[in-house]
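Shown here is one chain on its own, the form predicted alone, set out as structure tokens.
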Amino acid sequence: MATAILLVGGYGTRLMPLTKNTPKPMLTVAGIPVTEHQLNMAKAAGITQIVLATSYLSELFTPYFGDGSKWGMQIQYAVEKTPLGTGGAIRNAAKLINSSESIVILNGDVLSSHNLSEQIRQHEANNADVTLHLTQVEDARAYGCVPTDSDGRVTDFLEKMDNPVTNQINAGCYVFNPRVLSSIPIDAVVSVERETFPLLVKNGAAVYGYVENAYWVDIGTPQALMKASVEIVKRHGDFLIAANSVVDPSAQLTGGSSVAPGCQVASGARIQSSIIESNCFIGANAQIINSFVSRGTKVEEGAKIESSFVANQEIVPIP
């Protein structure tokens, strides 16, 4: 059975101010942290052992996820003293894995609904060194592109260009054969995307692409994260309220808004296309539009907030 490494160590600079006090993988999307979405995806693919590769604000993961038993998983933590890049993080986390089975690498910036089980199956059927999830986009100029041959083998990793040779891009989920880990230096800053993968292809390694155009989003900016949350909520209805949150019947929730656990929303409040994190209080007749309300925040009665990040001590426009 495959094991997994989840890369959750980045600073989340592009997500400021949302990541001022919270690591980006712990930000709430559709009522739960980003990381919980990824654990659920891994669990659905039969993965029960996972290592969280942490660095920035690493101490905030353990209180929430613990040993993973709540999800029927075994979670371990590999803490980087200083960020090691994607490759260095994978190599560091792999020290906690004692298995000859496939290792799935999940990226803390990405939410995807692709068929991970099929990606693993194809990887093992090909006896591949690495199999990358590739997705096709209308305009690949904003991305590096990843061409493949007729057998699905990756032939190159190309940087951004005005005339991309393919519309296939790296979607950030990889399946590794453990034998390739030795190609990544220990305790060094390494990018698998810019260094490890191109070198493997150059040396003739079996690097394959698994192409599937399922729902996929890079949540690296506030706008992208907010949009992802709204899209996920709207798959099920116009709003989402956690089971143990209390929302007054006269309050209005619309536009894919989500209210995480432990919240209270008072009478007449209006919440539109917004994320309310856990343990918040939204006062009577408050209006919150296209905004992100950080966990534990109290929004005063009658407040009017739009396109902003809200914490107890500050309201900051989302750029």
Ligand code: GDD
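Residue indices: 1-based, along the sequence shown. For the two forms, the rigid core is made up of the largest set of C-alpha atoms that agree within 1.5 Å on superposition. The shown structure was predicted, so the numbers you read here are calculated from the model rather than taken from an experiment.
Below: the form predicted together with this ligand, not depicted.
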Segment that reaches this ligand in the model of the complex - one of 236-244, 69-77, 108-116, 121-129, heavy atoms within 4.5 Å: 108-116
Name the single residue among Asn170, Ser183, Asn177, Thr148 that comes within 4.5 Å of this ligand in the model of the complex, judging by heavy atoms. Asn170
Partner-free chain; cross-checking this ligand in the model of the complex, the single residue of Glu231, Asp218, Asp156, Asp248 with a heavy atom within 4.5 Å is Asp218
Would this ligand in the model of the complex be within 4.5 angstroms of a non-hydrogen atom of every residue among Pro17, Arg270 and Gly283? no
Since only the chain is shown here, I'm wondering whether Lys202 would be in contact with this ligand in the model of the complex (any heavy atom pair within 4.5 Å). no
With the cut-off set at 4.5 Å between non-hydrogen atoms, does Ala53 touch this ligand in the model of the complex? yes
Is it the case that Ile103, even though its partner is missing from this view, gets within 4.5 Å of this ligand in the model of the complex, heavy atoms only? no
Taking heavy atoms and a 4.5 Å cut-off, does Val8 contact this ligand in the model of the complex? yes
Within 64-98, which residues have a heavy atom closer than or equal to 4.5 Å from this ligand in the model of the complex? Glu80, Pro83, Leu84, Gly85, Thr86, Ala89
At a 2 Å cut-off on C-alpha positions, does Arg121 qualify as shifted between this form and the one not shown after fitting the rigid core? no
On a rigid core superposition, would Pro83 pass a 2 Å threshold for CA movement between this form and the one not shown? no
Take the rigid core as the frame of reference and indicate whether the C-alpha of Tyr143 shifts by 2 Å or more between this form and the one not shown. yes
